[in-house]
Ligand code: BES
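Given as structure tokens, the chain that follows is alone and in the form predicted on its own.
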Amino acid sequence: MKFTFSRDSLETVKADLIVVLCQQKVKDKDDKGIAILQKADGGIALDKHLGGLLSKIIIDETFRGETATSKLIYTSGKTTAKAVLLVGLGKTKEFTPEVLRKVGARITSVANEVKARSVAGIIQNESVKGFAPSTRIEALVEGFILGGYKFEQYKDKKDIEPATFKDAIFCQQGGRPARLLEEAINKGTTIANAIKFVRDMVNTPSKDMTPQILSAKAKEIATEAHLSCEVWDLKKIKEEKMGLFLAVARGSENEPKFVHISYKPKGKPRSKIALVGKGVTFDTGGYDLKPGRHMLAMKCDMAGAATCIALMKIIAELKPSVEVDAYMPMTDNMIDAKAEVPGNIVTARNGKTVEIISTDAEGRLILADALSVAAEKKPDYIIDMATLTGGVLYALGEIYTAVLGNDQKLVDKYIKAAKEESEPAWQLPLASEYKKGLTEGIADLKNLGKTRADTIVGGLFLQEFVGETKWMHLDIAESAWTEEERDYTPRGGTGTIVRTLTRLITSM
């Protein structure tokens, strides 16, 4: 998508579609409200030019201006554009950048529906509820791009309806420096494209997203971004004594891979961060076979690794003053004569022995060895992300990401960033009361506890492999995938936590 600036008014700007944003004005809590045109984004001036057409339609057709609702109005040649699109911003007191992501997605949807190639609108110079123009334009750009996302790689080309919306024109009224807005556009584009990358990776069927293919993609992205990348093969993984990782990979005909991507800033880094992402390209559950209805979406089980790759791409473009290393164990969890069975005891890379209680609790096994590698490098922080437990659905539902960690300041920073980025997160406790179930067996650890608080137990298990490093675990087992379309996210992979981790990492 192309973004340009113009000094033209809405009446004269050369575009197929003009956008006017409307606040929803309500008298009291029982009032459903009505859309209000604003002076700041040209709505009042355009309405005057059109002889009151916009305000008349707002009243006659009861357009309330609720968030991301819209009304298309043809102007019969009274503007250079074919039509005006009124889009609701909702109530002023409820305004956040997330509103603009939804608005951007709505604009993209309508533009493609009416075959508009170009869309123009005014960017208000003043801050809105404390959000500067650059913050707002970044969110709007994300909405434009993500609102047009479709996963159609496996459809017949002749059945695909091509998107027409290609050009977004921002009309500037006043002397605000374009450089700040251009930086915001670039950042919004970078983040939105990274989210699309995660969605594409997660939505791709497992036969086309094996450990070999995923690791090759990671290498390709790293090379393009001028990042160092090392890929360990089976021989190297064995040399590194990654026993838990190998135990999961043993049942597959696909060779496991371990990927390490590294970013170093110019000058001395302010902090050193290790990212660890689970890369199970398909999870059958092993001999603890999943029910068919739970297995269908298990191509999503590599969302943690895909998120790590996307984040490294963002970091390479934004160039924060932090050192970041990403570690990604990649395998699938299959069944054959060599596969581990429940009751076997395996030695982890850090020397701990683990009794395999469930072969379907495989994610914590491959992450454990990866965390051990990361901890050896002495980072200031380790952040792991994984579609780890089905139990998180019952704890927090489909939208929230579960957050656990041994450093409350790090957890608090993440939750604050998640709120600011509208990617819901909630902290669960690393409750020591549940640890006994992991340690009372015939090995140092079991990979499954007795309690039903499986998300907490998963965190407690992983904590055994980070040493004294400040660490945070993100369980995205539910938030990484959606069965229902939500706002600017269609069914499938969501790309969740990319925005939040970008904000967190760049703030460090």
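No experiment lies behind these values; they were computed from the predicted model shown. One-based numbering along the sequence shown.
There is also a form predicted together with the named molecule; it is not shown, and the following applies to it.
*Asks:* Of Glu340, Asp325, Asp301, Glu142, which residue is found within 4.5 angstroms of the named molecule in the predicted complex when only non-hydrogen atoms are counted?
*Replies:* Going through each option in turn, the one that passes is Asp301.
*Asks:* In the predicted complex, which of the listed residues (Ala68, Leu448, Val466, Leu474) lies with a heavy atom within 4.5 Å of the named molecule?
*Replies:* The option sitting close enough to the partner is Leu448.
*Asks:* When the named molecule is placed as it is in the predicted complex, which of 400 to 408, 344 to 352, 195 to 203, 382 to 390 ends up with heavy atoms within 4.5 Å of it?
*Replies:* In the other structure, the partner sits against 382 to 390.
*Asks:* I'd like to know if Asp454 sits close to the named molecule in the predicted complex, meaning any non-hydrogen atom pair within 4.5 angstroms.
*Replies:* Asp454: contacts the named molecule in the predicted complex.
*Asks:* For Glu420, is any heavy atom within 4.5 Å of the named molecule in the predicted complex, or not?
*Replies:* No, Glu420 stays farther than 4.5 Å from the named molecule in the predicted complex.
*Asks:* Determine whether any heavy atom of Ser127 comes within 4.5 Å of a heavy atom of the named molecule in the predicted complex, and answer yes or no.
*Replies:* No - in the predicted complex, heavy atoms of Ser127 and the named molecule never come within 4.5 Å of each other.
*Asks:* I'd like to know whether Ala374 contacts the named molecule in the predicted complex, with contact meaning heavy atoms within 4.5 angstroms.
*Replies:* Looking in the predicted complex, residue contacts with the named molecule do not include Ala374, since no heavy atom lies within 4.5 Å.
*Asks:* Looking at the named molecule in the predicted complex, which residues in 198 to 220 have at least one heavy atom within 4.5 Å of it?
*Replies:* Heavy-atom contacts to the named molecule in the predicted complex: nothing from 198 to 220.
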